[in-house]
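Have a look below at one chain only, the form predicted alone, in structure tokens format.
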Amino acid sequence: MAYGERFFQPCLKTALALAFVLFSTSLAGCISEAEAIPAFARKYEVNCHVCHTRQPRLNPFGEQFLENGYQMPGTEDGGIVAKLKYGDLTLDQVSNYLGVLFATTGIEHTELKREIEGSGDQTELGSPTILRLFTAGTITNNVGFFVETTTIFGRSSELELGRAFVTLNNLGGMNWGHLRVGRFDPSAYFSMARGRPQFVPIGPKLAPPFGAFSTPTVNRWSLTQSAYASKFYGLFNRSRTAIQPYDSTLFNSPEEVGIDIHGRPFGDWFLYQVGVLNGGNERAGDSNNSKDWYVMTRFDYAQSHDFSANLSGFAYFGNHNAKVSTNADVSRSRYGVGARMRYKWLDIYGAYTIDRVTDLPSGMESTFDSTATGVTVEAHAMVTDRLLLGTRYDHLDAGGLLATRKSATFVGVQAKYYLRSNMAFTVRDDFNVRNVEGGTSAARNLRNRFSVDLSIVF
């Protein structure tokens, strides 16, 4: 099939998807807007849009609510607001600190490279389904907490512990320092936070089979933000499991064990963050007893109701947090910048990162590219009160073993329709810009993915 035809097919699918969403809009237009559904909205008796432009994206007020340990910005009253008193004890109602996220793929059509044995077009219904339970809130003034567990039906029937941390807020003065301890996402306060994209990251279709220090056979590329991906071929974690080039790692890991402090001592225009982590995505213990550390600064140029903009920069310094096939320790570090601009109904944000591997064994420099880069740019437009249109560009210039590395470039488009402020249908189409290059690597196998998803949070 010609490249022009491959480019046209995703666009045609997207046009049909938009027509579907607009038709859904006409059917659901009589449904009234929901009021204060998620737990924090229930607790503080406010609408979800006080903190969100559209779920899951936070507006400036919501970002400072998060920074302040789930207390309203400029306050330390989390221990008393909306709580019941039992003598000296104060407790939240269960609905004020317990939340549920349910997400499922109703339709998924995937086009894989036909030249690969066992590949080809695949269409599935109702898979996978994600159930995420979380509890978050305040224990007393300036002490907050967050715990989440996740189940992915069809892959595992067990609840898996994700982020779990405690925050000690307003140390030394209001907004001077907020301490976070436990398992958390280091990039939560970055301009483009890993955990809050409108395009939900998509994992690989099949778990790759591999043994210790063997190169895994990857059936397809995972549609994770390229700026946050591992980027390297031929790296392993400290338990000798392959680190896939699309895995979220380092500063942009979904959960790392450590401690960090952040604050705004000079006012709302400047945020600092410093943290120390076990590194290597080790959830229990620290196998080499060394630590990774990072710094991040963010400048907020405006925080009005209609317009906000910010710029972030970070440096993450790894210390023997990965291995190569010779079993030698190497160190991975990451440096990056990110930005966001929101004007009324338009939201644009992106990130650019550079990853480097150091401490390579002698003689490996000629077969291993120690530098890789990634860029992700995303834009959304609220064209009506219920309909959000978006697009995302990802480019990954891969590093690692020269014999196997392959770069990847994807473009995605989506239409997201909110039946309620906490319930949305998403029609999404991603296609591989590098189809014409051919090849049998994972970065080329996935040609196109079209899906219709439903997500509910309450």
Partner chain sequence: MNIFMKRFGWALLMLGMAQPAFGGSEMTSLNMVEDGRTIYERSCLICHGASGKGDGPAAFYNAAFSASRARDFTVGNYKFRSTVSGSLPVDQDLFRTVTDGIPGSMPSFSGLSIEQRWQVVAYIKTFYSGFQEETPESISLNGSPIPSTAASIQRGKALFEEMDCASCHGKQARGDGSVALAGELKDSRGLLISPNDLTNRTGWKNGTTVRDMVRTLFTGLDGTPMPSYESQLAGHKEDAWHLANYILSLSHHE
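Positions refer to the first chain, counted from 1. Being a predicted model, the structure only gives us computed values, none of them experimental.
Beyond what is shown, the protein has a form predicted in complex with the partner chain; the following relates to that form.
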I'd like to know if I354 sits close to the partner chain in the predicted complex, meaning any non-hydrogen atom pair within 4.5 angstroms.
no
Against the partner chain in the predicted complex, would N59 count as a contact residue? Criterion: heavy atoms within 4.5 Å.
yes
Check whether V411 has any heavy atom within 4.5 Å of a heavy atom of the partner chain in the predicted complex, and answer yes or no.
no
At 4.5 Å between heavy atoms, is L419 in contact with the partner chain in the predicted complex?
no
The partner chain: the contacting residue among L389, V46, M423, L401 in the predicted complex [heavy atom, 4.5 Å]:
V46
Which pick from T371, T367, N327, T384 sits with a heavy atom within 4.5 Å of the partner chain in the predicted complex?
T384
Counting only non-hydrogen atoms, choose the one of 317-325, 67-75, 98-106, 230-238 that falls within 4.5 Å of the partner chain in the predicted complex.
67-75
For the stretch 302-317, return the residues whose heavy atoms include at least one within 4.5 Å of the partner chain in the predicted complex, in the order they occur.
A302, Q303, S304, H305, D306, F307, S308
